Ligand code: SAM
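Only one chain comes next, encoded as structure tokens, the form predicted on its own.
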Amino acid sequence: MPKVVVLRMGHRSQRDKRVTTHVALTARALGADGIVLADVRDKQVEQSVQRVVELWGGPFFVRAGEPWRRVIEEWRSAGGLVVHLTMYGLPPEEVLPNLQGKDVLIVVGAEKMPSGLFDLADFNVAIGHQPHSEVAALAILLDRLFKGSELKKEFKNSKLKVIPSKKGKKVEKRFKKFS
């Protein structure tokens, strides 16, 4: 099974904690294997995501403080493709056939991205050509990449599981003791 990893660039610790956490949670819930927070460490984000993985299952990894250019170069040297989510890119339907069966690194920005990133990426992909949330763009791309199969994914080692119900909230506790 090919790997899909999200590279979060431009995270500003005081400003972007919530959105970066949502990028990570979206990546996990919709099938990615992990997230790399480029160039910065944010313990609060890392711990929050790890707590979700602990309760709701994995596998999903969080790495932080790695130089973005090195992450991209190592990914490409291992044969993976780099997809940069940007409103200036190509529509996903033009790019998705090239991604099937390949390891994919999805670059998601928080602030203006370095212009060199457009050339380093194998594909610049736009989920529409209007400003909107990077969380929404990532969710749509992952859903299309996995063709909806990620919505049926069973997470290993989950301590909690939602039981779908027409009304109310039902959660199954899979282990008697957890914190």
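In case it trips you up, residue 1 is the first one in the sequence shown, and so on. The structure displayed is predicted, hence computed values, not measured ones.
Below: the form predicted in complex with the named molecule, not depicted.
A.B. asks: I'd like to know if Gly148 sits close to the named molecule in the predicted bound form, meaning any non-hydrogen atom pair within 4.5 angstroms.
C.D. replies: Gly148 lies outside the contact set for the named molecule.
A.B. asks: Please tell me whether any heavy atom belonging to Lys112 falls inside 4.5 Å of a heavy atom of the named molecule, as the geometry stands in the predicted bound form.
C.D. replies: Flag for Lys112 set to yes.
A.B. asks: Can you check whether Leu85 is within 4.5 Å of the named molecule in the predicted bound form, heavy atom basis?
C.D. replies: Yes, Leu85 lies within 4.5 Å of the named molecule in the predicted bound form.
A.B. asks: Check whether Glu134 has any heavy atom within 4.5 Å of a heavy atom of the named molecule in the predicted bound form, and answer yes or no.
C.D. replies: Contact check for Glu134: yes, within 4.5 Å of the named molecule in the predicted bound form.
A.B. asks: Going by heavy atoms within 4.5 Å, which of 27-35, 112-120, 46-54, 59-67 lines up against the named molecule in the predicted bound form?
C.D. replies: Going by heavy atoms within 4.5 Å, the stretch is 112-120.
A.B. asks: Taking the named molecule in the predicted bound form, which residues of 112-129 have any heavy atom within 4.5 Å of it?
C.D. replies: Residues within 4.5 Å: Lys112, Met113, Val125, Ala126, Ile127, Gly128.
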